[in-house]
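Next up: a single chain in structure tokens, the form predicted on its own.
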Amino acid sequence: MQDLIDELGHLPGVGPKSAQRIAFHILQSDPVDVRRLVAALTEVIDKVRFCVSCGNVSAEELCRICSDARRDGTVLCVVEESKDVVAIEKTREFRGRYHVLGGAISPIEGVGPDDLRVKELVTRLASGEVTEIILATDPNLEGEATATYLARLLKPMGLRVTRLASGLPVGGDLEYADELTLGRAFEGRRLLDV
């Protein structure tokens, strides 16, 4: 039982107490449900890999987005992780393709540009098909550092380099917004078409 708790504790966001709760939940669960969980985990390990083009998770050599001819190949959205692709796809607003970096620049954690899929990005851009890069890294220190690095690297290539707008969430109150968020909302303001 302790081995299970220890292994669960290695998962991101799962501390010792949560690991213990999950382990005891598994122990009390229906064995059929536990076997389904084990089968799902085994299947992920055996079948899921990374797309050779964009780096997103995929069951095939090319992910479903890269293999979709209806996607706009001239616009490339650069994200940190595959989970960011999922979040953007849920909006149904973006019809281009993606490039997953596999993280963000973080000098404190010893992650530099060479530890990310930056070389692969530059190689993809060599074909000349892409005309716009959308930098959709997280709006935190590491994401900003990564976006700045990529913008400086890619602008000399003659590409249109844009960054996702950031600011106030829909339904939020101004009084609860921090200064940085409110400042970005002012910077990213747009004209109302009425």
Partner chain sequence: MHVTHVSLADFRSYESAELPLEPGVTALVGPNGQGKTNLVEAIGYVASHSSHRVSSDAPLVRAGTQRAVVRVAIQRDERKAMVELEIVPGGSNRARINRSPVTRARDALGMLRTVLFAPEDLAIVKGDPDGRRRFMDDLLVLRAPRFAGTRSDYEKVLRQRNALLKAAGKARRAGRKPDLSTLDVWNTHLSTVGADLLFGRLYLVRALTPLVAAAYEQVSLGQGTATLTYRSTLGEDIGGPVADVPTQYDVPNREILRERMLKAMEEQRTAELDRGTSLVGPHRDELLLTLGGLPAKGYASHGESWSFALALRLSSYELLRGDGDESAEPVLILDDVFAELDASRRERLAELVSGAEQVLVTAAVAEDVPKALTGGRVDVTKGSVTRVR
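Residue numbers count along the first chain shown, from 1. These figures come from a predicted structure and were not determined experimentally.
We do not show the form predicted in complex with its partner chain, though everything after this point is about it.
Residue contact with its partner chain in the model of the complex: Leu76 places no heavy atom within 4.5 Å of it. Among residues of the shown chain, Val86 is not one whose heavy atoms approach its partner chain to within 4.5 Å in the model of the complex. Contact check for Phe50: every heavy atom lies farther than 4.5 Å from its partner chain in the model of the complex. Contact annotation: Ala145 falls within 4.5 Å of its partner chain in the model of the complex, judged by heavy atom distances.
Every residue of the trio Ser106, Pro113 and Tyr149 has some heavy atom no more than 4.5 Å from its partner chain in the model of the complex. Stretch-level contact analysis of 135 to 143, 32 to 40, 165 to 173, 63 to 71 against its partner chain in the model of the complex, using heavy atoms and a 4.5 Å limit, identifies 135 to 143.
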